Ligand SMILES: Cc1cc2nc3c(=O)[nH]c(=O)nc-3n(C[C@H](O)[C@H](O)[C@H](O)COP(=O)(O)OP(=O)(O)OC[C@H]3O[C@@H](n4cnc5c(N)ncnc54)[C@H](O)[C@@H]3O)c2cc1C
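The data below hold one chain only, encoded as C-alpha cells and taken in the form predicted on its own.
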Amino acid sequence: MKPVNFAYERPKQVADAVSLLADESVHSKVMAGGQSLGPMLNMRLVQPDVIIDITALAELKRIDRQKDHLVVGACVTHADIEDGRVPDVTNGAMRGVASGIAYRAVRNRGTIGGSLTNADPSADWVSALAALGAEAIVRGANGAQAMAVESYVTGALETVLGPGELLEAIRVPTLSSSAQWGYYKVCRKTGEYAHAIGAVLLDRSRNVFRAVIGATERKPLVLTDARAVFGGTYNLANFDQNAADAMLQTLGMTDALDRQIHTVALSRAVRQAAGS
C-alpha cells in the first residue's frame, strides 16, 4: 500500500519547524528517522496533510556534555549511541540499550527523540530513559521547558506535545561510578518489540533508586523511589515480586501470566544490577 498524498516541508531552523507545527488548520506529522512513521504512512494508519522533515535541524543533532548531565539532541540515532559517538555518562547503560533496539538497519536511521515521541509502550527508550531519570526538553513558541520523561509520555502512543511544540533534546543525568544498572526485555525473537520490560537504577551516591516496568500497553509504571518493591530498603537482594505484582494489579493488569512475565523481567533486571 502507498501513503496518501501529502505536502513536504524541510525547515532549517527549529523556530521554523515550531511555526509549521503551530498551524492547526492542517494535520502535520514530524519525521526524523522515519522507522515508525514510514510503515504507518504506507499502511495509511496516519494520513497527514504535511510531513515536516526535521533532519536538517543541526540543533537537534547536538551532543553537549555538561557538569552533571548530557544533552542528547532528538535526532541523534540509536547507532550514534551504540557506537560510542555519544559520550557515555551512564556507565554503558544507554549504549547497551541502544545496541538491543531492533536491527542495525533500524538503529542507523532511528532516532532517540523519534522513538520517545512515538511513545510505543514496548519501545526501549520509553522505559530506559524513565529509569535513568532523564528529562525531555520541549521547544515551543515561548521557549523551552524540561520535564521528566515519565511526564512527557502520557500514554500509549501519546505525549504531552501540543500544537507548535517539538521535542528538542533529552537530558540524561551523569551516573556515579558506583551506580548499579539493570535492563531486561522479553521478546519472542531478536529485533521485535518487547512484551515486557524491566529496568532498575540504584545510584547511592546521588540517592537515586528507580525502577520501571514497561511494555504494559500503557505508559510505563515508574517507581521514582523503588524501595516500595525492595522491602523499604536500598538493598537489591530484597526485591519483592509480590509487591511488584500487586502494583501491576492496581494498574488493571488482570491476567496473572502477563503480570508474571513483567515481574520476571524486572527481577532479571535487578539481578543484572546486583551483578548476580
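Since we're looking at a predicted model, the values are computed, not measured. Position 1 is the first residue in the sequence shown; the rest follow in order.
Keep in mind that the form predicted together with this ligand is not shown, yet the notes after this line are about it.
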Of A74, I81, A196, L175, the one that lies within 4.5 Å of this ligand in the predicted bound form (heavy atoms): A74
Contact residue in the predicted bound form, chosen from L202, V89, V86, V106 - any heavy atom within 4.5 Å of this ligand: V106
Contact flag, L161 vs this ligand in the predicted bound form, heavy atom cut 4.5 Å: yes
Close approach of P48 to this ligand in the predicted bound form, 4.5 Å, heavy atom: no
Contact test in the predicted bound form: V30 vs this ligand, heavy atoms, 4.5 Å: yes
Residue contact check: A244 to this ligand in the predicted bound form, 4.5 Å heavy atom: no
Partner-facing stretch of 202-210, 128-136, 143-151, 188-196, counted where any non-hydrogen atom is within 4.5 angstroms of this ligand in the predicted bound form: 188-196
Contacts with this ligand in the predicted bound form, stretch 160-180 (heavy atom within 4.5 Å): L161, L166, L167
